[in-house]
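One chain comes next, on its own, written as C-alpha cells: the form predicted on its own.
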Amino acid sequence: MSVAIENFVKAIYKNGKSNTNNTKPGNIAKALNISSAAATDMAQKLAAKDIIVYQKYQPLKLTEKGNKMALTIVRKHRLWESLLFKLFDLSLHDIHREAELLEHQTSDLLAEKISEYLGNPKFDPHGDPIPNANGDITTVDTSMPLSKASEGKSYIISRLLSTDKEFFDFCSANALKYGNTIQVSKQFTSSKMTQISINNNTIVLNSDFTNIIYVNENN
C-alpha cells in the first residue's frame, strides 16, 4: 500500500480513538492537510478495496481488513518512537516526526526485531499502547484526563496525547513525562484550570493541557 493510503487509514483509526471521535472525510482531511475533495476521493477508492466503509455525509469506518492495516502501521510507528527515544534520547516531538517517516519503510520482520530488542514494550514514550504482532492491544486503558482528577490525590502520568512541539517542550521542562508522579492540589472548575505539584514545584495548567495529559491514580 502507498504512504498516502497508510496515512489515511491510520488517521481514521486515531481520530476514532480520540476524544472527538470524528472520522468524517472533512475531519480526516484536516488531520492530513489535504482537501475535503481529496479525502472523499480516497475514501471511495478504499471502500472499493474493502478497507473502509464509506457512506455519503457519514463518518468513515474501518473494515476488519482496514483495522488490521491501521494497527500494523501504528505498531511500527510506536516501536520506532520507543527505539529512537531509547537510543538517542530524542524529544517526544522529534521521535514522532521521525517515526512518521520510518513506519512506511518497515517490514513486519524488522518491526518484530525492534520489539524483541526493546523487550516487547506495551507502551511507547508518550504512553500510547503498542499493538502486538497480531495487531492486538493487550493492555486495558484505565486512565483519565488530568482535568477530571480529584483534588488531594496522587497520580501517575500515563499518556501525553499531542504531536505539538511546544507542548512537549513545556512538558519536558517541567518533568511532565510518562511514568512521573504528580499531586493534584486544586481544581479551578469555573476557570478550567488545575494546580499540580511535581518535584517540589507548583504548576497551574489550563484545559488545553489537562485535557490531553492522562493520568492513573497512584495506588
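Think of the rigid core as the biggest set of C-alphas that the two forms share within 1.5 Å after superposition. None of these values were measured; they are calculated from a predicted model. Each residue number is its position in the shown sequence, starting from 1.
Below: the form predicted in complex with another copy of the chain, not depicted.
Enquirer: Pick from N134, N120, S107, T138: which residue has any heavy atom within 4.5 angstroms of another copy of the chain in the model of the complex?
Expert: Selected option: S107.
Enquirer: When you measure heavy atoms, are D164, E166 and L176 every one within 4.5 angstroms of another copy of the chain in the model of the complex?
Expert: No: none of D164, E166 and L176 comes within 4.5 Å of another copy of the chain in the model of the complex.
Enquirer: Does another copy of the chain come within 4.5 Å of any heavy atom of K113 in the model of the complex?
Expert: Residue-level check for K113: yes, a contact with another copy of the chain.
Enquirer: Does the 4.5 Å heavy atom contact test between A149 and another copy of the chain in the model of the complex come out positive?
Expert: Contact with another copy of the chain, no.
Enquirer: Although another copy of the chain is absent from this view, report whether V74 comes within 4.5 Å of it in the model of the complex, heavy atoms only.
Expert: No, no contact at 4.5 Å.
Enquirer: Mark L83 yes when one of its heavy atoms lies within 4.5 Å of a heavy atom of another copy of the chain in the model of the complex, and no otherwise.
Expert: L83: yes, in contact with another copy of the chain in the model of the complex.
Enquirer: Pick out the residues of 60-98 whose heavy atoms come within 4.5 Å of another copy of the chain in the model of the complex.
Expert: W80, L83, L84, L87, F88, D89, L90, D94, E98, in sequence order.
Enquirer: Using a superposition on the rigid core, decide whether the Cα position of S172 changes by 2 angstroms or more between this form and the one not shown.
Expert: Yes, because once the rigid core is superposed, the C-alpha of S172 moves 2 Å or more between this form and the one not shown.
Enquirer: How does the C-alpha distance between K165 and V74 change in the model of the complex compared with the present structure, closer or farther, given a change of 3 angstroms or more?
Expert: Here the pair is closer than in the model of the complex; there, farther apart.
Enquirer: Closer or farther: the C-alpha atoms of E100 and D169 in the model of the complex, versus the form shown, with a change of 3 angstroms or more?
Expert: Result: farther.
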